[in-house]
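Encoded as C-alpha cells, the following chain is the form predicted alone, with no partner shown.
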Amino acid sequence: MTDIEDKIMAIVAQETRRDRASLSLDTELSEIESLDLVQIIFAIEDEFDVYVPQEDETFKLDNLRDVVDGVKLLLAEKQDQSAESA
C-alpha cells in the first residue's frame, strides 16, 4: 500500500467511524453517507493540498480506488505545474 492510499484510508476510516480493516480500494462511495463523503473530500484536500473536482466528468469517483487514483493524478499535475513555474 502506498503512502497516499494509507492516508486516504485513514481519512475515510476516521470520517465514517469505521474500522480501517473493513475498508478496501473496492469500497463503493455509495456505501458512505453523503455528509461523511463531503468531510472526506475536505480532509483529502487539506491533507494533500489539492482541489478535488466533484462535478468534473473526467474525475470519476465510484470507489476508493478511484479516489486514490484521482489524488495521485492531482498530485502529479500539481508537481508538473510547480516544475513549469520554477
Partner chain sequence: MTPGMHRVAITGMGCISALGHDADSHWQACRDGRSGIDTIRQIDPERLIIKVCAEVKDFDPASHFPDRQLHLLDRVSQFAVYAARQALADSGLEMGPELVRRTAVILGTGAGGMNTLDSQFWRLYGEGNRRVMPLTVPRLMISAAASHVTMDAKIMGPAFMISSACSSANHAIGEAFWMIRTGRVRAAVTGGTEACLTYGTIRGWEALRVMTHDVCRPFSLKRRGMVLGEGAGMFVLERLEDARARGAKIYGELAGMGMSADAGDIVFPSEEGAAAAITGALEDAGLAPEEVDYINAHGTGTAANDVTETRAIRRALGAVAERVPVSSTKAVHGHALGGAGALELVAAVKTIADQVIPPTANYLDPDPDCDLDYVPNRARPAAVRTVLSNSFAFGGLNAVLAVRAVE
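Positions refer to the first chain, counted from 1. Just so you know, these numbers come straight off a predicted model, no measurement behind them.
FYI, the form predicted together with its partner chain isn't displayed, but the following is about it.
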item: Partner contact for D46 in the predicted bound form: its partner chain, 4.5 angstroms, heavy atom; value: yes
item: Its partner chain contact at T27 in the predicted bound form, heavy atom, 4.5 Å; value: no
item: In the predicted bound form, E31 touching its partner chain (heavy atom, 4.5 Å); value: no
item: Sequence-ordered residues of 16-52 touching its partner chain in the predicted bound form, heavy atom within 4.5 Å; value: R17, E33, L35, D36, V38, Q39, F42, E45, D46
